[in-house]
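Just one chain is shown here, as structure tokens, and it is the form predicted alone.
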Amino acid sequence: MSEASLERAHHEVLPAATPAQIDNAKFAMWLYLASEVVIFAILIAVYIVFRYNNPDVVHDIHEEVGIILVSINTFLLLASSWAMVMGLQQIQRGNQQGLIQWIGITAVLGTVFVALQYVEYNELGHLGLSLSTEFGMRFYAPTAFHGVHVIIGVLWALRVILRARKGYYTAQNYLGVEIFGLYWHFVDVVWILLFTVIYLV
């Protein structure tokens, strides 16, 4: 195969998805997210029951740790969702470079979120809050599970960027970006709920 042929293959654009394929892909993602909602709901319910039965314990921990770091993290995740929306808008306008830049920002903000969560866990560890404590078990389960979802989202964002660099997405074919957006917004909404229930209430 000639160099010119290789170059064309490298930038080959996938055919636009049919309406049926779009509906099926979105339906599959919504089914997956629904299953994740069930898991998070159980983890959150377990924490709420513990919070109701041990209000003093939770209050003391909140006083010691504070919410400045986690508030910054929440802002970063909200900003990453905005960047995701901007990236989708760019590819809908046929702007591949704009998609790459905005999804890149989404990936960076997601990475910083995970890094700051690691810092928070270290601080909690210094306070003796481990998985062996009653609070630790109920705190780490939902927040760490969410953190894993963020890591998966960052890897997915990098895959979107890689495919965009190869020219896979166009103004007529951006289903992959849209599906990723559904996942990332879900991760964002779940964190808002966790932040409210675990840190603010």
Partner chain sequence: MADEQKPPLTDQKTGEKVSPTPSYPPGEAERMPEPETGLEEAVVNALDASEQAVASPVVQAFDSAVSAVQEAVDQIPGPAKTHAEASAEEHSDTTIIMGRAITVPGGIYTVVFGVLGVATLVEIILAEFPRGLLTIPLMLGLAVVKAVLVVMYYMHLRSDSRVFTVVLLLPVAVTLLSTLYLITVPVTGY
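Just so we're clear, the structure is a prediction, and the values are computed from it rather than from any experiment. Residue numbers count along the first chain shown, from 1.
Although it is not shown, the form predicted in complex with the partner chain is what the next lines describe.
Colleague: Which pick from T111, Q96, Q117, Q92 sits with a heavy atom within 4.5 Å of the partner chain in the predicted bound form?
Modeller: Among T111, Q96, Q117, Q92, a heavy atom within 4.5 Å of the partner chain in the predicted bound form occurs only for Q92.
Colleague: Using heavy atoms only and a 4.5 Å cut-off, determine which of V57, L158, L69, L33 is in contact with the partner chain in the predicted bound form.
Modeller: If I apply the 4.5 Å criterion carefully, the residue I get is L33.
Colleague: Verify the contact flag for V37: yes if a non-hydrogen atom of it lies within 4.5 Å of a non-hydrogen atom of the partner chain in the predicted bound form, no if not.
Modeller: Residue-level check for V37: yes, a contact with the partner chain.
Colleague: Going by a heavy atom distance of 4.5 Å, is L127 a contact of the partner chain in the predicted bound form?
Modeller: It does not: once the partner chain is placed as it appears in the predicted bound form, L127 has no heavy atom within 4.5 Å of it.
Colleague: Taking any heavy atom pair closer than or equal to 4.5 Å as contact, tell me whether V49 reaches the partner chain in the predicted bound form.
Modeller: Contact with the partner chain, yes.
Colleague: Does K26 reach the partner chain in the predicted bound form if we count a contact as any heavy atom within 4.5 Å?
Modeller: Contact with the partner chain, yes.
Colleague: For a quick check, can you give me the residues of 61-80 that have a heavy atom within 4.5 Å of the partner chain in the predicted bound form?
Modeller: Going through 61-80 in order - heavy atoms within 4.5 Å of the partner chain in the predicted bound form - the hits are I67, S71, T74, F75, L78, A79.
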